[in-house]
Each structure stands twice: as structure tokens, then as C-alpha cells.
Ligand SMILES: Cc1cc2nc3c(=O)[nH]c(=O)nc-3n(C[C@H](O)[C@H](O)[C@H](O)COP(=O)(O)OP(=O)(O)OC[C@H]3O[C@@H](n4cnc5c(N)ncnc54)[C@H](O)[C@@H]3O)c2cc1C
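Take a look at this one chain, the form predicted alone, written out in C-alpha cells.
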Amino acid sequence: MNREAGIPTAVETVVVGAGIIGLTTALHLARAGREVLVIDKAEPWREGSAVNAGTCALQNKATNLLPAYRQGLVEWRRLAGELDEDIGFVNKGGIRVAQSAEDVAALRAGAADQAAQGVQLDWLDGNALRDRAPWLAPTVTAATFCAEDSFASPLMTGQALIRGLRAAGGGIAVAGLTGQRTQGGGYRLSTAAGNIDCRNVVLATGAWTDRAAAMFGIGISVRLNVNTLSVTERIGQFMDNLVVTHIAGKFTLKQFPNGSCILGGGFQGRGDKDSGRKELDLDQLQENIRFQCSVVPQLRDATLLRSWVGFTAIAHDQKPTLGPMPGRPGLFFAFTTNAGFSMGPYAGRMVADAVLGRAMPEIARDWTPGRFAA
């Protein structure tokens, strides 16, 4: 790479965005012997991927996207085995709970839909439920168990991916994208740290995908979510490393091996992605905590150490946007959905394969960025 003022002035592929999708895309390209640089407007791994709950479960995902989430779990297991560092990946399964009669009916219907997609579930109620999870509240009357449900540590994953990418020969730079123009069969990217000439650009910009796409004259409507999360003090292990979700939605809970519990689920805070402002909504935070304690009463005795909000986003049609942009050689999109952490490593592999000239899989046929060409 040619370098000027600390960043390359020319590189084969620039990946914009240093989250789970951007870093895995770049890692695959670097391991294939390709020249790749990841740029971000701030230090890598500081936004959506870094501030999410780490859930890699199937039971709380949209049924139509289950094949992709299952492939995401395959890639998570591969990452855990291939990276030189621990990423905190735990695959002990997960339970999805129901409390009211309406919840139980919805749980049965959802289980049938997931079974039709090949997801194997065990129905739990009565003694079977109490034996599997005696720490659940008596109001939880039924649950389904999925052996595939997992979680990973966002903090450990980010550190491992950054070091793994650098070890493979890839670069990372703090250089926010400010504009672009086509040049000589490729692109000249304007960044806050200088210009970079490249043949390929991968937009792995998460909640900012609409802003990045607009620089290339492409309109994508993105809905912003400002999700609330909390972490407790380290307490004695009692959840058997199971992921807990709720059929009523807006609920994820897990206990990491160090004993701390992560409470998530999508309760909304306030924020603005252009200014970077993020604020907790105390009413939403309290509702989230009450909901969690109604399912797992033992949480009432745990000290809450910290609560925060983080940005995620989803396209208006609720589909991922992955692969090459038709009619724009060298331009690729790497944007999933609101649960991008779960699918992220699979999306990264798909997009890297596309940059290497391989065809996108059939599963991604409807996810082409070409649907926004108009």
C-alpha cells in the first residue's frame, strides 16, 4: 500500500465500517491474499457491534430469515475455532418462554413455523420446564428449548477480529468517509484523513448505510433503533449459560461465564446518529428491568452496574442488503437487519466472496442492493 499522512493513498479494497460485518469481510479478503483496508469515523468496534447484547439465537428471529441466521451460527462456530483469541462464544442452547395463555398459544404457533424451517425445538412445561430452568418465575408456564441458540462477547469478539485482521495483513484506520468519485475503473474516496484510491468499496456502515449510500447517489430508507442494554454485577452462576428470550418480544437475557448478566431486548432510548447523541429513556429502562425480573426473579437481588443505548438499523423492507450493486462495478453493500450481530459473520463471508468474484448464494437473491437502484 502507498501511504500518505498515516493512511494508504491506494489500496485494492476499502471496507467502510469496523463492525462485525466489516471486519469479517476484511478478514476473509486478507486471508485470501487481497489488499484491504477498513476505515471508520472513530476507533474500530465502537458502535452497533460493540454495544449490543451478544445474542446469537434463532428462536427470536424472523422466520423468513432463519436460514441465514443458521448459517450465521455456523460462521460463529468457525470464528471461535479459527481466531487465535477467545471470543466468548457459548453454545449451550436457549429457551423461549411464555407466561400468559396468549403467550403459550403464540409460542406453539411460532415453534411450528420454526420447525417447518428445520429448527429443532423441545417443548417444555410442567416438571420438564422446572427441571431445565428452576430459576424461572412461576408465571412462566411453557417454553421451547433450542440447542442451537448461542451468544458471544461483543468486547472479546471485537478485539480478536481487529488483531486477527492485522495479523492477516489487513489494515484499519480512523478515517471517516466524506465523499467519493469514480476514477480509472475504481473510486477515489474522500475521508477526514485524506484521499484513498481503490478498485472496490464495501459499505458495511450499519445505521449509517443511508448516509453512505447517498454519497454514491443511491437512496436507501433506514429505520433507526436505539436499543437499551444493562449489565449486572458478577453473581453466582445459576442460568447454565442459556440464552433466554420471550415470545412476547423485546427480551433477551444471558449470563456470561464471568457471572455478569446482560439484559437487552430492544426497549428504546433516544438518539441521533448524525450528532452521535445517545440517551437512556428512564421509563423504558425501568420497564425493561421490571420485565426481566418478572421472568427471572433472582435478578432482583443483583446490582445493576451500568445501562446504555446503542444504534442498530433495519431497511424499510426489513430485508438485508448484501452484495454487488448492479451497474456500479466495484461497489458492494454489507448491511443486514436489526439483528446484525447474529448474522454478521455469514454476511461478511458472502460479501467477501462477492468481492473475490464469486456468485452470491441463492439465499441472498432478494437482498440485492439493486432493488434501490431507482
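Position 1 is the first residue in the sequence shown; the rest follow in order. For clarity, every value in this text was computed on a predicted model and none was experimentally measured.
One more form of this protein should be noted, the form predicted in complex with this ligand, which is absent from this view; the next part is about it.
- Checked against this ligand in the predicted complex, the residues L177, L124, L242, A302 give one hit for a heavy atom within 4.5 Å, which is L177.
- A heavy atom within 4.5 Å of this ligand in the predicted complex is found for one listed residue only; from K41, R349, R70, K319, this is K41.
- In short, of 226-234, 93-101, 124-132, 111-119 it is 226-234 that has heavy atoms within 4.5 Å of this ligand in the predicted complex.
- Although the partner is absent here, Q59 sits far enough away that none of its heavy atoms falls within 4.5 Å of this ligand in the predicted complex.
- In the predicted complex, this ligand sits beyond 4.5 Å of every heavy atom of P324.
- This ligand is not shown here, and in the predicted complex it never comes within 4.5 Å of any heavy atom of L66.
- Interface residue remark: Q292 is not counted as part of the site for this ligand in the predicted complex, having no heavy atom within 4.5 Å.
- Contacts between stretch 184-222 and this ligand, counted in the predicted complex as any heavy atom lying within 4.5 Å, involve A204, T205, G206, W208, M215, listed in sequence order.
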